[in-house]
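So this first bit is one chain, no partners, the form predicted alone, shown in structure tokens.
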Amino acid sequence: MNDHDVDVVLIGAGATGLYLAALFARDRLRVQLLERRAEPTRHSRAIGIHPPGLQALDEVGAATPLLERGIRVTRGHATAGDRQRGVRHLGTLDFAATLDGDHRFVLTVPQSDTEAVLEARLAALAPGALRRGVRVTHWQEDAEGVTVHDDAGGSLRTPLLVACTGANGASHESLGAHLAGGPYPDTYVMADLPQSAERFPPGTAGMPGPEEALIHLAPHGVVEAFPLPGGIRRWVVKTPRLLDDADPAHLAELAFERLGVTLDAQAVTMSSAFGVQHRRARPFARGRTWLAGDAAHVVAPIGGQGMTLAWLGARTLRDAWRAHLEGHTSTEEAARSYDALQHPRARRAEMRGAVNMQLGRATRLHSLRSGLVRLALHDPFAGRLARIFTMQEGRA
């Protein structure tokens, strides 16, 4: 007879922790999810959910409510040039025409909405599983389990601890894991504003409709635009350096110079300046303490792969631990199985992110880049490009 209080303890109630807790709860395991924040975050942050992510969400009943809230982006336009030299249309990636399956689109929805839906699903599957306002201070692992301690003097005993503590957490140190990676030189500024506050240059081909995306390859850096629910659009602009503040007026100025679009900076509802990094822990799991989501791997946000990568990894983690519970593997074998399957997936996502950023950098070879992108957007390459962009190239 063991002395475990619950079957799994998870730390961090972001998109990864909430999803993984719901997965374990669906398997009828006793789950405790500990979160230091007293209230959910209200920031939009990550907005893209790729088709494999929707398939993962469907397993816990979260796909349908998110599909009802989000925007199904079936088409993305690519343009090149700038306001002075002219903007030309390179092509359109039509996911509905080039992809297979039920989800032939990228869903855009604010991360706060995604987490709210996942939290509701977890509450339905395991009432009381989420405990907010609990700060984990440390844990101790032995051959039979892990004892997790919080700042109020409480403790929990569990056979498995999963740290979903995000990119800034230090949970990898408990595994003796090495972090490979580091910052990229790329920096950006982004802002959300109503589509009613934008005016595209008249007569320019390739400008996006209300539910379409745009990637504009300007000589001095990329401009991206993605629709959000409620008639909002997110704008992301490459900057030559990390800005001290996310001045919406500066974003509007860069977007006008590169694309000719006029954005009303006064209408911006959210803005942020950010740098980009990549990292992977080695290993992701050891013994009875495992890492998931950004605690395990961070990829460039350009391309919107982060949440989908985390959810696919969460499913792999759940499967590996279930094999152990069913007596097929030892604890260490289960840890190695999760690590062996998720590392290649994270590496592919890292490579996709690096390519996406390379395409969006300032370059003197602007005409060559535009020609290559135009070629990739048409048959026979368009289908493969769509699968790569939506994380469906090779194994998910």
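Numbering starts at 1 and follows the sequence shown. Keep in mind that this is a model prediction, so the values were computed, not measured.
The next section is about a form of this same protein that is not shown, the form predicted together with a small molecule.
Visitor: Tell me, out of Asp186, Glu224, Asp294, Glu119, which residue has a non-hydrogen atom within 4.5 angstroms of the small molecule in the predicted bound form.
Guide: Selected option: Asp294.
Visitor: Which one, Ile47, Ala346, Met357, Ala62, lies within 4.5 Å of the small molecule in the predicted bound form by heavy atoms?
Guide: Checked against the cut-off, the match is Ile47.
Visitor: Taking 4.5 angstroms as the heavy atom distance cut-off, pick the stretch from 257 to 265, 206 to 214, 122 to 130, 299 to 307 that is near the small molecule in the predicted bound form.
Guide: Stretch 299 to 307 is the one.
Visitor: Does Leu54 reach the small molecule in the predicted bound form if we count a contact as any heavy atom within 4.5 Å?
Guide: The answer is no: Leu54 has no heavy atom within 4.5 Å of the small molecule.
Visitor: Leu34 versus the small molecule, in the predicted bound form: is there a non-hydrogen atom within 4.5 Å?
Guide: So Leu34 counts as contacting the small molecule.
Visitor: Is there any non-hydrogen atom of Leu317 lying within 4.5 Å of the small molecule in the predicted bound form?
Guide: Result no; Leu317 lies far from the small molecule in the predicted bound form.
Visitor: Answer yes if any heavy atom of Arg135 is within 4.5 Å of a heavy atom of the small molecule in the predicted bound form; otherwise answer no.
Guide: Flag for Arg135 set to yes.
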